[in-house]
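Only one chain is included here, represented as structure tokens and corresponding to the form predicted alone.
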């Protein structure tokens, strides 16, 4: 239990401290050390769960199992590597005058606040607190999106706040309906919204109410996932906020929102005794995957382009969880890891590329391999990885999904293949000139920290070549929790 409490209290304390000293010249280093401490405690938590099984705290407020603990560890890891990149990046932003001391305090405080809300959302056993934590993440990221206080960033922040606010209100109504459906289990008691209690009594829940609840929950949390047609906030948030925010937003928040939907699916589908939640997830997932691939071709901003790539991959994961079964679920869980690692690495290289060119416009970023070879090559490798090329881990998870689709719904394989081809063409249509084109005059190298990028891409390559036994067993335990049987 100590590891769990420490994992939550460290970012909470850091958020308060940074609200006071976040402008200190060594605040970036302190932010890195805090994230490192959070990573160590989350690693100990993962070891405890893997060794001793699930844990539930006194009062049943927090519940840690194989499904959420691996996402907690991924959150802490991406938070750590992003903080390594964030330190020189934000120092440069301060140097050129895009932010001042007050905004640096806000940035570092909300960076830790965002990580805290994500960790609470993943670890809580109470579905009401899950909603509160996701809403808290919305408020933290609104402040990060509008950090630069330009008209465009303020507009993006308001769009994010309004659209996600409406979406999260739908999720609240769905949560209230779940409470109503479960009231006869323990009327008036606090345990009515505890996931562990509801899961054990799912056969006693009112199915008609639950069916309506899942519609609102999928629409509400689907807004946070970025599912089409609820996705409009995501490209603006990525393009106008600081790049470290894009790395943790794409790598963490979208996963947590999908985690919430899957938790509800695990609860509601057995109670309904039909596959309506699965079909709904497959429909939204396929729509998002297809539309995002097409919109990739029409982007002019490099961060907006990769935000549509995130929508595409989140649609693919939602589709995989909708198909269900051990193979598709194992593939979706693996895809959550490799997508987080790859996309956060890509956004870090995008931040360096934007500093080199002095702009985020795709048409003005050219010849990265000539200007700064390390940035150019890692940018190219990251794009190759996220496009699903072997031997990277994204190829492995997508191969598992395609195999599961062939087994259960072979008529959907062709739309998936077409969608992948369209997305691939959209990515490399823009990336090729950015990497190999002729660099414009005046484009100079910048000080770039390549360690987080190399580390992430190495992990993704490793997971594509050989998944370690401990991780495979871990994901298999999570698969058993989600679908009732494992792959291994």
Partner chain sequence: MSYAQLSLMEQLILTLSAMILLTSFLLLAQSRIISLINTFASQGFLLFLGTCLIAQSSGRYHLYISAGMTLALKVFFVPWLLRRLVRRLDIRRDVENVGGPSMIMIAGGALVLFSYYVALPIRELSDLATRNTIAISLAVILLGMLMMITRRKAVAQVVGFMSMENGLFFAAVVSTYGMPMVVELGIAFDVLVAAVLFGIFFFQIRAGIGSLDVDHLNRLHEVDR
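Numbering follows the first chain given and starts at 1. Fair warning: this is a prediction, and the values are worked out from it, not measured in the lab.
In what follows, reference is made to the form predicted together with its partner chain, a form of this protein that is not presented.
Shown alone, this chain has one stretch from 319 to 327, 171 to 179, 344 to 352, 241 to 249 that lies within 4.5 Å of its partner chain in the predicted complex by heavy atoms: 171 to 179. Of the heavy atoms in residue 155, some are within 4.5 Å of its partner chain in the predicted complex. The shortest heavy atom separation between residue 195 and its partner chain in the predicted complex exceeds 4.5 Å.
Taking the partner from the other structure, its partner chain in the predicted complex has a heavy atom within 4.5 Å of a heavy atom of residue 300. Interface membership of residue 159, defined by any non-hydrogen atom within 4.5 Å of its partner chain in the predicted complex, is confirmed. Across the proposed site, 129, 166 and 216 without exception bring a heavy atom within 4.5 Å of its partner chain in the predicted complex. In terms of contact with its partner chain in the predicted complex, the residue from 146, 378, 372, 290 that brings a heavy atom within 4.5 Å is 146. The single contact residue among 185, 91, 412, 209, judged by any heavy atom lying within 4.5 Å of its partner chain in the predicted complex, is 209. Although its partner chain is not shown here, in the predicted complex the stretch 217 to 246 places heavy atoms of 231, 232, 236, 240 within 4.5 Å of it, in sequence order.
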